[in-house]
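As a starting point, one isolated chain is supplied in structure tokens, in the form predicted alone.
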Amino acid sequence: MRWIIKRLIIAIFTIYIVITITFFLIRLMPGNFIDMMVYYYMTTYGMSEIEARNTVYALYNVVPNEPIFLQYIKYLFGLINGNWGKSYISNKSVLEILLYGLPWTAFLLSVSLTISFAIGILLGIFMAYRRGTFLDSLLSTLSSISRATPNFILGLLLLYFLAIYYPIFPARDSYDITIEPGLSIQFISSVLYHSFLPMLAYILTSFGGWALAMRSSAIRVLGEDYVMAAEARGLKPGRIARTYVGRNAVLPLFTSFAISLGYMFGGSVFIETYFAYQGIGQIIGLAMSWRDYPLIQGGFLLITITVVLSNLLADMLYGLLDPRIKRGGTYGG
């Protein structure tokens, strides 16, 4: 119990530190939304700079020349009260905007991550048992290529060849806007159809990392005494692979998988932007382009919370999966 309380305190402190760094760091970025809108009103409506600034300040409820530390204090009190601020772009609640994009990103990347993880685990065990062979070298090379390829590069290639040059799949949107959203077969099919290319880009560029990590972990486990003892007892190879090798080799990867689940909620900015997929990644990308400070802060806060909580969950799951950690006193009673 003491271990959980200690980790929760560390998690809260970590979130606070990231909130603080993010708040000040994004304000060091060149340009800001208010200046962009002032320039827009000056060039579009022929206003003077003073008139344009007064209009923009009133429109977006901005206090001119407000000290940055006062803004910081107001932001912290707003978070404590559940107020994440309002987006400059849409004048909507930041939390409302993020919650709208969250299910789309969660669906897209959870499915992609789970499939890539499963493929990587199976390939990794297979390569470990075939280590030193031509097949192992071939699969290791393919996995290395997968790991080294940026998902946005492959996403662009898939978009060009399978959505534009050969229009097999749709090039944009999360579903066909002519279909009424709901639990109908037509809508679900449309969602799966539109998400196929983004998912494929993510899976093909991420399974290799899991495969190489699993291969390394499985080879280490294969040299353990308990595996050799199981082989000496005449147990079937399939049982040894599942019970002794696979289960113990996959344990170190669970932490990485859980942390990846946390990062998942930040979306994949480039992929979602390329395919106009209405998830968190596209929202953050749009907020960065417009220097929408409240929305940027909200996006990074969401990522921070999910990563910290997923890391905490990974530690707890690791203890459940490997009882030796409890006996070692990590949980502290």
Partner chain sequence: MVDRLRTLEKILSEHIYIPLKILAKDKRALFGLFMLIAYILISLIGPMIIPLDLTPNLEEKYLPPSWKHPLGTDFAGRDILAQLVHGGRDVLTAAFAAGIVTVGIGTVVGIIAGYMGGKIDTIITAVIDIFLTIPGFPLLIVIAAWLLQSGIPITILTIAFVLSITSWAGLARAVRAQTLSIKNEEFIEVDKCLGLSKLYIIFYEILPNLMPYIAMNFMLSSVSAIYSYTGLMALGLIPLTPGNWGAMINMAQAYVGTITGAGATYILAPSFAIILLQISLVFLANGIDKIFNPRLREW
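Computed from a predicted model, the values in this text were never measured in an experiment. Positions refer to the first chain, counted from 1. Basically, rigid core = biggest C-alpha set you can superpose within 1.5 Å across the two forms.
Keep in mind that the form predicted in complex with its partner chain is missing from the display, and what follows is about it.
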- Task: With heavy atoms only and a cut-off of 4.5 Å, decide whether residue 152 touches its partner chain in the predicted complex.
- Result: yes
- Are any of the heavy atoms in residue 262 no more than 4.5 Å from a heavy atom of its partner chain in the predicted complex? yes
- 4.5 Å heavy atom contact, residue 41 and its partner chain in the predicted complex: no
- Task: Could you confirm whether residue 53 comes within 4.5 Å of its partner chain in the predicted complex, counting heavy atoms only?
- Result: no
- Where, among 79-87, 242-250, 157-165, 185-193, do residues come within 4.5 Å of its partner chain in the predicted complex by heavy atom distance? 157-165
- Query: Pick from 235, 145, 228, 118: which has a non-hydrogen atom within 4.5 Å of its partner chain in the predicted complex?
  - Reply: 145
- Message: Going through 300-314, which residues have a heavy atom within 4.5 Å of its partner chain in the predicted complex? Please give them in sequence order.
- Response: 300, 303, 304, 307, 308, 311
- Task: Tell me, please, whether between the shown form and the other one the C-alpha of residue 154 is shifted by 2 Å or more, with the rigid core used for superposition.
- Result: no
- When you overlay the rigid core, is the Cα of residue 295 off by 2 Å or more between the shown form and the other one? no
- Message: Does residue 203 shift between the shown form and the other one by 2 angstroms or more at the C-alpha, the core having been superposed?
- Response: no
- Query: Looking in the predicted complex, are the Cα atoms of residue 84 and residue 40 closer together or farther apart than here, the change being 3 Å or more?
  - Reply: closer
- Cα-Cα shift for residue 258 and residue 242, closer or farther in the predicted complex, minimum 3 Å: farther
